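Single chain ahead, by itself, as structure tokens, in the form predicted on its own.
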């Protein structure tokens, strides 16, 4: 089929600061590529320190002098629900733009738009229904927690499922009463520019939301270091997270960072193998494999290992790779030629580190664009780079184990600790093994099915802090303890007795 190009592409992508679309102060731009053709389809404003300064100043004015932080929770919730209405109403448009910009299959992009709307509805409900701690010391004291929004939040988001992941940060930050400056990923700025119109139509006050496009080392760096940005939420790779950690330290900024992953899926012989194969295929090849929680290391008990590998490889070979706008496509084009080159370098490396049983290169008939055939390596040792390092593409390694102890050792044998997936019908093993895994999140007999009430985040090199549910509100608000005395307080009378010489 001919490559689909949306009819409503913008002539250029600009910043959005203090209620207006603006160019960069210095007029600089950068080109944005379509991952199917790898041709530049639009120029985006390239933010620098000057643009960040303007955006942060607008956000600070809106926080210090505007109505948003002072609104009642119900009033903010109404606007959040109107935002969700707008996102749902523009579902098809959002999916088309997201697919064109990222290379994600259109059927999966449609789901991301729905999830973005649900994020706003969830936090609208949470701030209305939420409660805080109150403690009584009978007859003596009442102590309660008073929450206040922290201030200007810097939000730095990745290029995989960008619109939905932006909503993960925007919804709780705005629900809490913060004002924000969003710096979207430079590879995929298209859908982020839609937030401005959505927020305006929903009635968000001017200056509460600001958007600066640009590179991480310029716009992102300036946002992290700005003295009026009180906290930073970042999703991206671990090395960038380490840089942000160092740059935020001098000002003791609040940080929430969801970083890289190399998540294991452990399959025991007593598992439902049909369900495990379905789930582990989806868990690594959906979203083009460009997902932080991908189960990219599959550990399989020896007695079912050969059968699993054979069936898994056969299914991987049948995955439909093609134009992202074709509803039949299951794996689309990777986001950018730089990322494509990285993933392909791991594919070539894997041929010397494991046994190639599926994929291993560019799919036949797709000579242009960032296409990688779903690739499966078996018999991968734990010291292999493809076992240890995050590839972030449609590449998976499969490794056998003989005992529970060996499986746990293999599961924990990497520096990352974001997610894990466990397949077994033994209830006792399910709980005890899950507790031993070094991961922020564990799914039993399932792929990643998100519950917005639960904490999302990793351990080790996979992150710092958790968001989701009340933990998001904890991050974006200050918790002030207020103590009220109900009776005279016994106080030692320092200095009440005259000194005797």
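Nothing here was measured: the structure is a model prediction, and the numbers come from that model. Numbering follows the first chain given and starts at 1.
Below, we turn to the form predicted together with ligand NAD, even though it does not appear here.
Worksheet item: Looking at the partner-bound form in the predicted bound form, is residue 159 within 4.5 Å of ligand NAD by any heavy atom?
Response: Yes, residue 159 is a contact residue.
Item to complete: May I ask you to check whether residue 141 falls inside a 4.5 Å heavy atom distance of ligand NAD in the predicted bound form?
Response: The answer is no: residue 141 has no heavy atom within 4.5 Å of ligand NAD.
Discussion item. In the predicted bound form, is there a heavy atom of ligand NAD that lies within 4.5 Å of any heavy atom of residue 177, even though the partner is absent here?
Written reply: Residue 177: no contact with ligand NAD in the predicted bound form.
Discussion item. In the predicted bound form, does residue 418 come within 4.5 Å of ligand NAD, counting heavy atoms only?
Written reply: Yes - in the predicted bound form, heavy atoms of residue 418 and ligand NAD come within 4.5 Å of each other.
Practice prompt. Spot the stretch among 74-82, 215-223, 297-305, 343-351 with residues whose non-hydrogen atoms come within 4.5 Å of ligand NAD in the predicted bound form.
Written response: Only one stretch qualifies here: 215-223.
Fill in: Listed residue that, although ligand NAD is not shown, lies within 4.5 Å of it in the predicted bound form (heavy atoms), from 378, 373, 113, 244
Only one listed residue qualifies here, and that residue is 244.
Discussion item. Going by heavy atom distances of 4.5 angstroms or less, which of 324, 154, 264, 261 would be at the interface with ligand NAD in the predicted bound form?
Written reply: Spelling it out, the residue with a heavy atom inside the cut-off is 261.
Worksheet item: Using a 4.5 Å cut-off on heavy atoms, which residues of 381-408 contact ligand NAD in the predicted bound form?
Response: The stretch 381-408, when checked against ligand NAD in the predicted bound form, contributes 390, 392 at the 4.5 Å heavy-atom cut-off.
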